[in-house]
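Here we start with a single chain on its own, the form predicted alone, put down as structure tokens.
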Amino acid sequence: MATHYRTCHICEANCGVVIETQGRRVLSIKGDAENPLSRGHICPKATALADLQDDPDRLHKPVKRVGDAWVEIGWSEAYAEIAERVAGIRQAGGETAMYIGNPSAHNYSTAAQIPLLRKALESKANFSASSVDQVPHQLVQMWVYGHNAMFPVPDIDRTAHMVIIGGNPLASNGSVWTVPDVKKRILALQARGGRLTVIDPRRTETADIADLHHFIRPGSDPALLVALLLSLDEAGLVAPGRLGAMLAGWDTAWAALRRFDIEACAAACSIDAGDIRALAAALGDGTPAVVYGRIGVSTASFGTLNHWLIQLVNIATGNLDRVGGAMFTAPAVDLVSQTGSGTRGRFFSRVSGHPELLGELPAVAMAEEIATPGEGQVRALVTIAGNPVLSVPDGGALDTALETIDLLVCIDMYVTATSTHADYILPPCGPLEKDHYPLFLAPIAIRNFANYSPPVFEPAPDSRSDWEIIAELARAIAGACGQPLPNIVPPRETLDRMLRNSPRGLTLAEVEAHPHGLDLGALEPRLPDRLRTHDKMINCAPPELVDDLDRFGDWLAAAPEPGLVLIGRRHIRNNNSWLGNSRRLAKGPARCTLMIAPADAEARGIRDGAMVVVTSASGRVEVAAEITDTVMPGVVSMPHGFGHGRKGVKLSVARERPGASINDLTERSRIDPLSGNAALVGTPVSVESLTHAVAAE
């Protein structure tokens, strides 16, 4: 028996695990009590490491589509054929594109290789899961602090009051906030006399243990945040403190905000004005506090505006860059000092004119860029660890578009709803055959830490890691297209160089010497030195955001749309669409249900557990109803990550309970125009009993 110390890479919590093995068999996976970040905590997802490694549905060799069948093919042959086809498509005037899925953020080794493939493809049509997730954070950080990777992290272990808007860390383990063992941290906050306030259209698992929960109308977050700021102003509680000397455009921001009215904003967000004033008074009482907004405020039509207003609230209360507030990390690998600040609007999408952001176009544009004829039409697509048919709005449209594309190459372990359309699937080795470093997630952790995990197992014969597949494919395409062959640097060498070039000056050997993880200390104030704006000031009034208040004003003046609106949700045993084939995670009560409030169900003659039809402008799904008072009236909720029942999907466990895909209902036209992020929150839907729908048909 052998014992291995590792970081679980499945979600953002990065919990330390102890894995016991015998030969190539995993005997147990337990929490690592000596890990300084997770302190022995793990969630059920950690056990799925073994399920992913040993999944009988996982592909082990490259496969090529021949008619309706998958035929194994050698690596060199696959690279050569793909490269030849890419060259032919480009010579014919077709555009090539890439889509990068969520798991890539958990795999440091691909970070340096993906740019090589982008260069070889010579494509501007780059897409990723970021624009159905967190790019509003990054755009605000680029404009306000001078770099897209300057994430303020809630200092939960030292705060007196935490306000969570549209986040459910008990299910997500954080999300753009690496915070393992979050439930115990919340209980510790309450035990020391602090409090937690949750604002969400659903009484989530996190709201259940909060001191206070407010329902909020989906998509109305800027109304709450503007009202909070105006309430602070009204009460004389605006006190930036030491931040005052760093604030540029502060008066401009307030001049733009003061045209709004607290009562009107309160009515729009369905939270009583008195409750908003009380919350503002609590945030402005001088004790350490922090406002954290996540997926519910990011995936909304005002996603970027929401995150700007959250920054203003934390600044106005003096809680930015303060112990117990929103703080900036000092990670072992400092991406801020080693990467560009970010770009927006260098080019635009061909069909709808969406501006580029951070080198990518919005994922909502992918289907139309494939399906719309004309110069620059995307005729070849490479996906890396992504399943956009299930994760991008209007998945049905993308499903249809992929049937027409000339070449689809998927770097994926499985035949999924997306890769079922592929011409070639290039499967990486198992997750325990790779090393790991939290390159993107350590910089958003609640403590400064570093942890390198060597592979648990040697790679199986003739297998490839993701980074090798990407790098070798890039070389093949570059060669076929007459480009210079890229220089491939092994990821460990790149990681060591990035560690050495960061302010802490560590080496990979020094990090490796701490198998349980290297604790680099609590977060400390870092401003103004950390700022990357040209004048080393906090830009409080980016013109684009000030202008977007006009759009908010128009929304505020309009009458709310009647009917039901849809929101998503997640569960601790799920992680997007990529854990659906783990039997130990899939077991238990069915989780793909439509939560609906009792009054809304009664009005439609819907019984608990009965099948209902949910319809939007994009599509129609059938799902079981779950009548519950945990959702506010007028709101229904479906989880994301389901829908594995599509034709051709080869996931035996997931197909037993495929569920319905929420993204067959979300709409490509509903976006945040500043960031291009999908507005998944608040999709208008109708719901009726399946029996009624069948009778009507």
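The first residue of the sequence shown is number 1, and the count goes up from there. In this text, all values refer to a predicted model and were calculated from it rather than measured experimentally.
In what follows, reference is made to the form predicted together with a small molecule, a form of this protein that is not presented.
- Remark: none of the three candidate residues (Leu27, Val409 and Glu433) comes within 4.5 Å of the small molecule in the predicted bound form, counting heavy atoms only.
- None of Tyr99, Trp308, Tyr437, Phe302 but one reaches within 4.5 angstroms of the small molecule in the predicted bound form through a heavy atom, and that residue is Tyr99.
- Only one of Ala129, Val621, Leu243, Ile405 comes within 4.5 Å of the small molecule in the predicted bound form through a heavy atom, and that residue is Ala129.
- In short, of 153-161, 336-344, 381-389, 438-446 it is 381-389 that has heavy atoms within 4.5 Å of the small molecule in the predicted bound form.
- Among residues of the shown chain, Asp466 is one whose heavy atoms approach the small molecule to within 4.5 Å in the predicted bound form.
- Contact check for Trp578: a heavy atom falls within 4.5 Å of the small molecule in the predicted bound form.
- Although the partner is absent here, His571 is a contact residue: one of its heavy atoms lies within 4.5 angstroms of the small molecule in the predicted bound form.
- Mapping the unseen interface onto this chain, Thr593 falls outside it, with no heavy atom inside 4.5 Å of the small molecule in the predicted bound form.
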